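Just the one chain here, the form predicted alone, laid out as structure tokens.
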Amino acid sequence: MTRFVESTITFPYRRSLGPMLSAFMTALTERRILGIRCGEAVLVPPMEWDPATGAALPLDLVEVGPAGTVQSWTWVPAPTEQHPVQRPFAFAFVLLDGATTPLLHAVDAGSAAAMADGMRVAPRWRGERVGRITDIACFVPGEQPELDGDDTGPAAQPVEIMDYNARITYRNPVPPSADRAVELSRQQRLVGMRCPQCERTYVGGRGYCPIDSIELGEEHEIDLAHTGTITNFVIITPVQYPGQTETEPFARVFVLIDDSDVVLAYQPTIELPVADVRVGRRVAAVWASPGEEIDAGGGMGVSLGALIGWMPTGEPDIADPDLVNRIF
């Protein structure tokens, strides 16, 4: 059975809103919803261009709603943490009074049986509003808006910048060959698999030779040297984002393993200042202590397992201009 590893990437994002979106978001903090005139139509949420012609629209904003009519909907029986309502709810197209295009938002009706095309709904406003579409927590059945929590009032200044954390969670399948490589690393063995046809040696991958499409198993394993040469490298200056633990610049290096054509990519360095990282530098594997917790594998790139990095051997550099071409 294939094992999966779940990973989450989170990073900060900042954007300027411009005059149209700034006015829209600022109005939300005031518990008002704005649309923009486009000929005889009123677009909600407002757009900067006519969707039919692409022509720029003048900044002619008009207040709509706050109540509206459900045009169509779909029920969400099992919300995730990324949904706006943490109980079963509907996503619906709500045509706000005075608008000619619907707004997509959540409707908290209690049950799917309570939902219907043509039903009237009104916004449930958050007590603390910051100038985002989520200032409307959801819509609720009826004509009267609701308030969720104590009202902190409108924004003190126009909302001109939006800051938020973008996040994505994904699952990677972990091939059996990767799990075996991690297990062998506990014995301080760096193992590759050699294709019996093309005789190329691979580390990582999904247990197949990509040239000959031959499945590679334990019978194709060979032990690799614990020394190698840096062929390429990158110096990373840390940017503070959620989950970042590094504070000083650090290196990730490509290591060509001795007596093989295997290149391990983006490897950590040990006891090697970034100023001393260079192509041709000789390095040796550094292994985790027995019983030390290690990476279980399955992430991007080659799983390190108990191989925690590479440190200088003290040997003279390898002077070979072709090394920089060895990235895989």
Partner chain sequence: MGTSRDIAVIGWAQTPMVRHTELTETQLLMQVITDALTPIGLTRADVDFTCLGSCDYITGQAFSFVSNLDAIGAWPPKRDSHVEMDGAWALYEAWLRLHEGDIDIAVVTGSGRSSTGDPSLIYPMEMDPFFLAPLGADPVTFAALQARAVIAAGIADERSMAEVAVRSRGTGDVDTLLGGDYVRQPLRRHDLPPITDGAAAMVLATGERARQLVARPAYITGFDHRTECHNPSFRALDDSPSTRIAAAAAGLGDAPIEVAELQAAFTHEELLLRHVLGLGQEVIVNASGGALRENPIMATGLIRIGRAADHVFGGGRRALAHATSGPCLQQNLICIVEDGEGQR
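Residue numbers count along the first chain shown, from 1. Nothing here was measured: the structure is a model prediction, and the numbers come from that model. What we label the rigid core is the largest C-alpha set whose atoms superpose within 1.5 Å from one form to the other.
The same protein also has a form predicted in complex with its partner chain, omitted here; what follows describes it.
*Asks:* Go through 184-192, 220-228, 199-207, 144-152 and give me the stretch that gets within 4.5 Å of its partner chain in the predicted bound form, heavy atoms only.
*Replies:* Only one stretch passes the 4.5 Å heavy-atom test: 199-207.
*Asks:* With the partner left out here, check for me: in the predicted bound form, does some heavy atom of R132 sit within 4.5 Å of its partner chain?
*Replies:* Yes.
*Asks:* At 4.5 Å between heavy atoms, is G35 in contact with its partner chain in the predicted bound form?
*Replies:* No, no contact at 4.5 Å.
*Asks:* Residue-level contact is defined here as any heavy atom of the residue lying within 4.5 Å of its partner chain in the predicted bound form; does A306 satisfy this criterion?
*Replies:* No, A306 is distant from the partner.
*Asks:* Is Q82 one of the residues lying within 4.5 Å of its partner chain in the predicted bound form, judged by heavy atom distances?
*Replies:* Yes, Q82 lies within 4.5 Å of its partner chain in the predicted bound form.
*Asks:* Tell me, which of M311, A23, I318, I9 has a heavy atom within 4.5 angstroms of its partner chain in the predicted bound form?
*Replies:* Looking at M311, A23, I318, I9 one by one, just I9 meets the 4.5 Å heavy-atom criterion.
*Asks:* Output the sequence-ordered list of residues from 252-266 with at least one heavy atom within 4.5 Å of its partner chain in the predicted bound form.
*Replies:* Contacting residues: none.
*Asks:* Note yes or no: does the Cα of R87 move by 2 Å or more between the shown form and the other one after the core is superposed?
*Replies:* R87 C-alpha, core-superposed: shift of less than 2 Å.
*Asks:* On a core-based superposition, does V174 travel 2 Å or more at its Cα between the shown form and the other one?
*Replies:* Shift at V174: 2 Å or more after core fit.
*Asks:* Is there a C-alpha shift of 2 Å or more at C138 between the shown form and the other one once the rigid core is superposed?
*Replies:* Not so; C138 is displaced by less than 2 Å.
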